[in-house]
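Just one chain follows, in the form predicted alone, and it is written as structure tokens.
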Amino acid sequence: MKIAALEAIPYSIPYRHPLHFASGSVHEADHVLVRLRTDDGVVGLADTPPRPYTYGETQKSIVAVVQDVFAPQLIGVDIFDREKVQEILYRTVHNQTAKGAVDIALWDVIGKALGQPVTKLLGGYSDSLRVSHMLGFKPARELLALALEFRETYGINTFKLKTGRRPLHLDIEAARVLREGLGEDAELYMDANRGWSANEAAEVLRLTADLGLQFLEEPDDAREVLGRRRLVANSPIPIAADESAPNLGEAAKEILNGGANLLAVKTARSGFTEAAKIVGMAEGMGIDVYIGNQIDTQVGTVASVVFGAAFAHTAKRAAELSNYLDMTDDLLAEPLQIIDGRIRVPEGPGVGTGVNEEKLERYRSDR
């Protein structure tokens, strides 16, 4: 069974309200749906989120690299020659999310061809994941009200607080209000999206030391090498690498250089193949991981659930899976449900990323 076609379809779905964070903001999902078709007519799907302020990719650049660079090289390749596909993709530098989507679409085809759920082909550890919800920039009391609403409605009790603002007391107050309002049993952690310096992050950690925060993600720019290393060495909680560890090599470098002692894994930028390598490396080095969110649609979220539930190491922590709730609509044919704070892995062969074709026609932006 060989790859016969590879296409990239740009589309746009508005958010109910914009999500603001230190490195940017999003007002609508200007994403790309990648569709891979075999010579036997089997179709695999994946979603791609352009994040120019993180990876340098735009909607137009993803469409171009998939259709003009990857497709001519991949057509005719056997779907089970996964390492050959990886070699072809990585001849082109950067373009992380475009590569990740092609890989996920390929796994979707493989699962359908074998009649097996991809989560079982990857590892089959669990049938669901705990959900962490991401809270963007808002006044502290509004954040608490939102968190309480999500706990009441969906059973979610783990929250990621977007930080990195100045003056520092804005985020310190938000963390304190959340802890006091949610109680000691809620799991809370912060993500500064490189918004602070290492010294500012150290001050925030000092002033929130009594709040029982789980970890701090990307407190500063990792290129602030000595400051970041000093911060990690002296922090009372783990420091997580996310934007600074977009692939296997960068993840290894951050850990070995002392720039982090926890890793975010995002299938949107690494697909399943490279993400599995990152998880294996981290487990072997005694480094915890968690499934991060690229402000994913439901299509992208399904991929995160499928991958995260496949491995014991990724299933330990709550995964960031719920921000699709901020969208006005979605393409997934069978919408996800969050019940008792968990999302179940879709049943059936493949990844479970089938889309509603009528909605795709409505939201696609290339016609």
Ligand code: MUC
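Every value quoted in this text rests on a predicted model; they were computed, and no experiment measured them. Quick note: we count residues from 1 along the sequence shown, nothing fancier.
Keep in mind that the form predicted in complex with the ligand is not shown, yet the notes after this line are about it.
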| item | value |
| --- | --- |
| Site check 21, 191 and 295: each within 4.5 Å of the ligand in the predicted bound form by heavy atom | yes |
| The ligand contact in the predicted bound form: residue 134, any heavy atom under 4.5 Å | yes |
| 4.5 angstroms heavy atom contact with the ligand in the predicted bound form for residue 99 | no |
| 4.5 Å heavy atom contact, residue 51 to the ligand in the predicted bound form | yes |
| 4.5 Å heavy atom contact, residue 228 and the ligand in the predicted bound form | no |
| Answer option from 112, 130, 179, 162, heavy atom within 4.5 Å of the ligand in the predicted bound form | 162 |
| Contact residue in the predicted bound form, from 242, 103, 220, 171 (heavy atom within 4.5 Å of the ligand) | 242 |
| Contact stretch among 154-162, 118-126, 135-143, 230-238 - heavy atom within 4.5 Å of the ligand in the predicted bound form | 154-162 |
| Partner contacts in the predicted bound form for 261-277 (non-hydrogen atom within 4.5 angstroms of the ligand) | 266 |
